[in-house]
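The chain below stands alone and is given in structure tokens; this is the form predicted alone.
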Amino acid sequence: MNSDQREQQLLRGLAENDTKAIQTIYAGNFSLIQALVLNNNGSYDDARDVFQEAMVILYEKARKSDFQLTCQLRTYLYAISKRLWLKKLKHHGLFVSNTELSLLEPVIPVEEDLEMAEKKDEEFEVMESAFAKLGEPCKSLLEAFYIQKKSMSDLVEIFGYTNTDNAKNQKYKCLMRLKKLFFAQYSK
């Protein structure tokens, strides 16, 4: 079964409320929509709401006998979600002017965004893999600084360095090690 046939099967399943088809569509597409919303002033709950609304729209379309999907399911859901999210941003007075929104209405250039989002997802996966291979204490040190937003003074205390210069030096070495691991995997 090729990907077009598979997507048509998923659409038929969605139209018939097939739980497995719905779960497959959700599993294959939610992370993309989540990235779209999170990268544009939204929260995880916003992403869930937008995706749910997009699924309802897709469901209603899929139930119509004359509906034909002319792009990938992922592209279609992304376009709907992007439009929904832009409208919500506009409603809350954020980010989008009326002109920008009206320009986006007829044709949303989703292919570029989709490619960028897929590339970012791929890079994120490579970074996650590189980070997992980093080892201790670098992993904990970088998490403390970049994720937990600890100061250099905090790092001195937590990791037992003699001063902040030593902490900075160790952080730099860990970053270089992570960078090396990342690019070793990324170039493959």
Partner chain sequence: MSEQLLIESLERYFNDEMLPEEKAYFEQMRQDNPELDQMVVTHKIFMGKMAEFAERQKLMTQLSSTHDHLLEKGAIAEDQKKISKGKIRQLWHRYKKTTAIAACIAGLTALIISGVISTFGPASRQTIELLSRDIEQLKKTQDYQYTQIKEATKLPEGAVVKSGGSAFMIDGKGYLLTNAHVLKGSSAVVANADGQEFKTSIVYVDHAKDLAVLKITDSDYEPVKTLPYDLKSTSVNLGAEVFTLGYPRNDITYNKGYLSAVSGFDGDTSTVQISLLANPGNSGGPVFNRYGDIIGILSTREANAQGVTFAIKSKEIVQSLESWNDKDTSAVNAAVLNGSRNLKGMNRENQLKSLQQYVYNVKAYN
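Keep in mind it's a predicted model, so treat the numbers as computed, not measured. Residue numbers count along the first chain shown, from 1. Rigid core: the largest C-alpha set superposing within 1.5 Å between the two forms.
Below, we refer to the form predicted in complex with its partner chain, which is not included among the displayed structures.
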{"item": "Site check 19, 26 and 171: each within 4.5 Å of its partner chain in the predicted bound form by heavy atom", "value": "yes"}
{"item": "Residue 120: touches its partner chain in the predicted bound form, heavy atom cutoff 4.5 angstroms", "value": "yes"}
{"item": "Residue 156 within 4.5 Å of its partner chain in the predicted bound form, heavy atoms", "value": "no"}
{"item": "Any non-hydrogen atom of residue 64 within 4.5 angstroms of its partner chain in the predicted bound form", "value": "no"}
{"item": "Any non-hydrogen atom of residue 161 within 4.5 angstroms of its partner chain in the predicted bound form", "value": "no"}
{"item": "Within 4.5 Å of its partner chain in the predicted bound form: residues from 22-50 (heavy atom criterion)", "value": "22, 23, 26, 27, 30, 31, 34, 35, 38, 44, 48"}
{"item": "Flag for residue 16, CA shift 2 Å or larger between this form and the one not shown after aligning core", "value": "no"}
{"item": "CA-CA separation of residue 145 and residue 40, closer or farther in the predicted bound form than in the form shown [shift of 3 angstroms or more]", "value": "farther"}
{"item": "In the predicted bound form, whether the C-alpha atoms of residue 39 and residue 179 sit closer or farther than here (change of 3 Å or more)", "value": "farther"}
